[in-house]
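Have a look below at one chain only, the form predicted alone, in structure tokens format.
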Amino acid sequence: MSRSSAVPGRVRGAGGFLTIDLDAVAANYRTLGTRLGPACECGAVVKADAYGLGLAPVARTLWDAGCRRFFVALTEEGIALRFLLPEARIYVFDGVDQDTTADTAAHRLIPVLSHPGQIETWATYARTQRTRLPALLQMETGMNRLGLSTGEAETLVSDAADIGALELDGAMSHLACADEPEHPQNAQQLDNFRNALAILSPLGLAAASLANSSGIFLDPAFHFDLARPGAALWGINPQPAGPNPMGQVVKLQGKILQTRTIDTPSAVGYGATHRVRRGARIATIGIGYADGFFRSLSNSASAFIGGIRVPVVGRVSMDLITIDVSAVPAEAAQAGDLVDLISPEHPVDDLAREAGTIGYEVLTALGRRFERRYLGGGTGS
């Protein structure tokens, strides 16, 4: 392939098209910011390639919208983001180890330190470089994943040897049940985080961060100095029990490869799990589980053609799905026509429910075989 023939986002023969509305991303960022008080800054979590939507266009859009603090999971993600946004403050959730200290420092990344070993590793490297290095401390407040315990925090304060080598940017923790506003663990974690901040107060922390996307919609007491939305930026509902306050970012369409009319009652797809009557019309779409359209969506997912709901029937295979288009005018379901799989009528949360999962997993699973189209955000689209 000649260099001139390679078009960014273009996939020759693509069976599906993924459209990402960057203006909607910016609007969602601003919407979240309006829920925060003037003392609370709104950052953005862009790990996992901005939840599968493309780090470069999404991060630049958020920067243009006013975001200055970004969170990623891996050192490699932070390095990629640093090349895109030279002036951003970039935090790495997974922290540092012996293999990543030099790169973390060289690219001015801020590790989130979650246990004494990480603190010692980062402080030791700082001393070898004869400089102080930035860090964010993570506290364990009830989720039992990553974070310093109360006892470890007390030891940290009493032994200032490692802390003296670091410039502490602040402390954070993560809410486990923020998408359930009435869950008692929210209040418990808030109390635990306040207690942790009190223990750490002699260190003079610059900022505190607790609220994720759903946490922004809890009481303002959860907001502190810095919020870290991720999923809500991409249109996932941060309040699953109520209407979605976020704008839709993603549209996924599949291309019809063939439509056939069934002349004899028979089965569709592997395993013959769905039978169709005579006269039914079945359209085959060029996407499957290799593209992130989960096999669990077999005989359960919905799609839309011209506002008409059509069911996915039969098993999802690696490259193909089949839908029953009997209810759609024949002229609207021909080879080359597009079917909406994620759309305003059928948002990502709906597809996730049909798959028995969450919108996060749906977005991060969307594969590279889709042709990607970016709208707005200074893309010229």
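Residue indices: 1-based, along the sequence shown. Since we're looking at a predicted model, the values are computed, not measured.
Although it is not shown, the form predicted together with another copy of the chain is what the next lines describe.
**Student:** In the model of the complex, which of the listed residues (180, 167, 154, 225) lies with a heavy atom within 4.5 Å of another copy of the chain?
**Tutor:** Looking at the other structure, the residue within range turns out to be 180.
**Student:** Counting non-hydrogen atoms within 4.5 angstroms of another copy of the chain in the model of the complex, say which of 35, 47, 69, 346 makes the cut.
**Tutor:** By the 4.5 Å criterion, the partner-contacting residue is 47.
**Student:** What I'd like checked is whether 88, 136 and 299 together line another copy of the chain in the model of the complex, meaning each has a non-hydrogen atom within 4.5 Å of it.
**Tutor:** Zero of three within 4.5 Å in the model of the complex.
**Student:** Taking heavy atoms and a 4.5 Å cut-off, does residue 98 contact another copy of the chain in the model of the complex?
**Tutor:** Residue 98: yes, in contact with another copy of the chain in the model of the complex.
**Student:** Is residue 132 close to another copy of the chain in the model of the complex, meaning a heavy atom pair under 4.5 Å apart or at it?
**Tutor:** Answer no; every heavy atom of residue 132 is more than 4.5 Å from another copy of the chain in the model of the complex.
**Student:** Against another copy of the chain in the model of the complex, would residue 269 count as a contact residue? Criterion: heavy atoms within 4.5 Å.
**Tutor:** Within the cut-off, so yes.
**Student:** Check residue 142 for me: does it contact another copy of the chain in the model of the complex (non-hydrogen atoms, 4.5 angstroms)?
**Tutor:** Taking the distances in the model of the complex, the answer for residue 142 is yes, it comes within 4.5 Å of another copy of the chain.
**Student:** Counting only non-hydrogen atoms, choose the one of 238-246, 170-178, 199-207, 216-224 that falls within 4.5 Å of another copy of the chain in the model of the complex.
**Tutor:** After filtering at 4.5 Å, what remains is 170-178.
**Student:** Which residues in 314-349 have a heavy atom within 4.5 Å of another copy of the chain in the model of the complex?
**Tutor:** Residues within 4.5 Å: 317, 318, 319, 320, 322, 335.
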